Every structure is written in C-alpha cells, then in structure tokens.
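One chain comes next, on its own, written as structure tokens: the form predicted alone.
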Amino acid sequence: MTWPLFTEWFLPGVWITVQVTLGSAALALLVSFVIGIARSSRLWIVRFAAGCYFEVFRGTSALVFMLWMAFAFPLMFGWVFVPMAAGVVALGLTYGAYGSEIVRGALQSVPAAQREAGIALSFTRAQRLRRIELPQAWPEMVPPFNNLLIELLKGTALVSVISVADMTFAANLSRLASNESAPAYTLLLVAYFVLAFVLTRGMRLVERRAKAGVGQRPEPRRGLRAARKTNPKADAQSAGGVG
C-alpha cells in the first residue's frame, strides 16, 4: 500500500470505523437496558414483547438486516437511510438484543433480599432499579459488555457491503488499486487489533471503577511479577534454598 492510498483512503476509513463502532455501541447499550429491564418486568405483555424482539434479532443475520435497511426499507416505507445510518441502526439493534440478555442475567443475579429490602422501604420499581439493582448489577455487566463491544467492532466490517467507506472498504479499494493483497489485509488486521486493544483497556478501567463503586476489590494484576508480589512465602523459600 502506497503512502497516498494510506493517507487518503485507509486513515479516513479508520475514523469511519470508529464512528460506526461508537454510534452502534451507544444504540446497542440503550436497547440492551430497555429490552433487558423489560424482560424482567412483572407484566407478561411487556415480557412477551421484549422476548419477541430478542428472539427476532437473535435469529436473524446482522448482514441481511443491514441490507434490508439499506435497500428494502426505502422501497417499502419511502424513507431512505444514509448507508452509514443504516449500518449503525442494523448493528445497534442486533447487538442490543444480545446485550439485553447480559442485562437480564445481571439483574437476576442481585440477591432477592436486596429487592425485598427495597419493597420494605416502599421503593417503587424505578427506585429499586436505580438505587439497588442496577448499581449492584452493573459491575457484573461490564466484562460481557466488553466482549460484546469487541464483537461489535469486528462486525462493523459488514458496513463495507453497503458502500460505507470504513477501513475494510478502504483496504479492498487499496488492494484493487495497487494489486497487492498482503499489505492491505495485513494492515487491516493490525488496525482491528489495535482498536480492539484500546477498547479493552478502556473497558477494564470502567470495570475497576464499577467494582470500586460497590466496594469490590479489583482483580490483581496477572503475570509473573504480580504472582511473586502476592506470594512472599515462595520468595522466602527460594531465598533460603528450601525446595
């Protein structure tokens, strides 16, 4: 890949990938909480509607839904989506369905005694969610949300199919222009890895703060150096020559 192709096509494609990821993640987070909380509702009609949403989007392809949003939806309803908006909506609604299961499971993990205490204090359902259940469930949601966010990042490559000039689209154009596949796709792999690494580190920080907010101690650092620091007895034995 030549320098002009890198600066004029690939770097703008990286920025578009970031925008699609952030926009889809914001929509998916909103859908996750709305559908996840609805699936925990006392009203069966609310649970039924939320369950239908979950089953429909879990059982359909994100790519096919994206193509439907971009090409079939305008013909059926007369409302044309910008390709990037169609990609963001399709990814956000699809991954939001998966995220709703994370929210539902985390809410169910809150001890029943905590909810009963809120009822005893005459808290409404909204007050119990805001003051008791969500603060305790949030630290349990962050690790699976991290995995879902990485999957969403990788899923943004699908928007290249509807002509959104993300970095996958730019890599394909660079390959066609330079007739060199290895540099273009190797750079693409590296770019996805770097973005995923940055997102993971950011989510680790969110996880530590979430656990600190409910009084949980963060997980110790992994690695040989951390293991030696947390095992002083082994250090003393090795220093004294004890086998």
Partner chain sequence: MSSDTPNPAETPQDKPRTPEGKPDVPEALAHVNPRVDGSELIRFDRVTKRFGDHVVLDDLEFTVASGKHVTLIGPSGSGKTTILRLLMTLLKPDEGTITVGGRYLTHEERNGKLVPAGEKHIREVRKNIGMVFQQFNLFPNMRVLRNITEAPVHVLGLSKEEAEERARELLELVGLTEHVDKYPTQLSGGQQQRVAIARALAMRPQVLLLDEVTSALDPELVAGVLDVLRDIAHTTDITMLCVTHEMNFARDISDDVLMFNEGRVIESGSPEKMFNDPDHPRTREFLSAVL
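Being a predicted model, the structure only gives us computed values, none of them experimental. Residue numbers count along the first chain shown, from 1.
Heads up, the form predicted in complex with the partner chain isn't pictured, but that's what we're talking about next.
- In the predicted complex, none of the heavy atoms of Leu43 sits within 4.5 Å of a heavy atom of the partner chain.
- Taking the partner from the other structure, the partner chain in the predicted complex has a heavy atom within 4.5 Å of a heavy atom of Pro135.
- When contacts are judged by a 4.5 Å heavy atom cut-off, Pro144 does not count as touching the partner chain in the predicted complex.
- For the chain shown alone, Ala177 is not a contact residue for the partner chain in the predicted complex, no non-hydrogen atom being within 4.5 angstroms.
- Against the partner chain in the predicted complex, the set Ala113, Arg125 and Ala212 is in full contact: each member has a heavy atom within 4.5 Å.
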